[in-house]
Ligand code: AMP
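First comes one chain, alone, set out as structure tokens in the form predicted on its own.
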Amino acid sequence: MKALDELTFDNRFARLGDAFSTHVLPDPLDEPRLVVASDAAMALLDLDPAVAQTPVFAELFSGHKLWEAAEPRAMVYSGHQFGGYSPQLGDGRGLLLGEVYNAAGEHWDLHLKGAGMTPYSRMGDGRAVLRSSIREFLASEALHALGIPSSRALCVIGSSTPVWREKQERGAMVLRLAPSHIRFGHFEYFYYTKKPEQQAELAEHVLNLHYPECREQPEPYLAMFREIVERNAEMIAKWQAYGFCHGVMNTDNMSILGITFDFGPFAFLDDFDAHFICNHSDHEGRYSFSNQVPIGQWNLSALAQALTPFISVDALKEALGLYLPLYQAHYLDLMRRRLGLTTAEEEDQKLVERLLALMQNSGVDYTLFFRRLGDESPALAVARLRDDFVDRAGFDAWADQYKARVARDGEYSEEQRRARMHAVNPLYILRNYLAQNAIAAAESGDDSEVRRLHEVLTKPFEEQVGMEQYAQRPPDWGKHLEISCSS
């Protein structure tokens, strides 16, 4: 394991030059303190977890100190925001400190969010607040633990620096890790500003560093785009299967690697509601839960437009046509496993659709339903769950179909079924009210709840002794929290 001064930097994106990013130093926070750190994320950098408790750790990730080999850069990009094109966005409060490679040869961006003003701050103060930083940290690590592709979070550093949002809050920084922070919006920026040389340089950078296997294909750029389509189809299938709502699927928030990042007003479903809107600012419901699938395709179409200098329109359309079938295949596979099924039948899609239709407007807790479905035999489980449904006759009909389907699936013991289902159906998810409780404690100076919740969420499928309160349905107030882009 390494100490902090032993990290090895290889700043590949910074070497692209000033057309792609601007050199900016972080603006330090006052009286920095460690709120929470992720041992698992630190392991990606080969760091000894003990270094998180040293004073220099908080100083490095609050802008007070900087590695000599770091090259902090604010990236420039554009993007479609709520369907409208914004010609220049960029890192308005984040800095790519540099790229570190580990003993396994993996490169990881160190991206510091809340680091102060940049040329792309657009009237903002460049700061992040404690609540949003905690939410992003918890979401990053929770999604990873669920098996959903995501950026990672190393730590949150709190401070006494005042920051004004709807009220005065405290500034914070979160250190994010990802193999790359390049977005769809990077390609859009160089396409719409008519800078073909830089756009080609960016495309080569992404192809060589992140999709090298596509070099072996007859049309490398087309092969890369197909891979991006597939990765996004699989990621969004996992969002839908686990009830995750991102909230701001602008093209500048879409990773070129098909990972979840830029967490804002996200939420996991409590009661199942296909029309759920987690972002209080999303007045038209563009990014509602059910809209995430078509919006994923819309965003890929926007990226395709920006790639027309390299790939024919017909080839791009053909690749885009793969998105929905790939999504449906990944989603149905996940939902079969969540239902405890090991084989495939043609009617499985309808079985899933009927269940979700019954859940809608019945106040059925999406996460706990699937967990409880695997607690005991199908007959006992559905008998225990039927009282959660308004249409009991409809649920009984579904339950009969489900029990018959399980019987056709194969012979296995109740213990085998429970183990298999519990391995894919979490007991603990990052519910908004749990995050809010942890944030409220941290804002009053008690970081223990953030750390405890983080620890629980790193093992979402395992029943943890003494942690029953984290597996409960939310109180009524917890279902109606208003989360917006303000952070």
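Start at 1 and count along the sequence shown; that's the residue number. Remember, it's a predicted structure, so these values are computed and weren't measured experimentally.
Separately, the form predicted together with ligand AMP exists; it is not shown, and the next lines address it.
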property: Option from 379-387, 355-363, 223-231, 125-133 whose residues, in the model of the complex, bring a heavy atom within 4.5 Å of ligand AMP; result: 125-133
property: Arg93, heavy atom within 4.5 angstroms of ligand AMP in the model of the complex; result: yes
property: 4.5 angstroms heavy atom contact with ligand AMP in the model of the complex for Tyr77; result: yes
property: Proximity of Ala145 to ligand AMP in the model of the complex, heavy atoms at 4.5 Å; result: no
property: is_contact(Arg165, ligand AMP) in the model of the complex, heavy atom dist at most 4.5 Å; result: yes
property: Answer option from Asp270, Glu141, Asp109, Asp252, heavy atom within 4.5 Å of ligand AMP in the model of the complex; result: Asp252
property: Interface residue in the model of the complex among Val100, Leu97, Leu341, Leu89, criterion: non-hydrogen atom within 4.5 angstroms of ligand AMP; result: Leu89
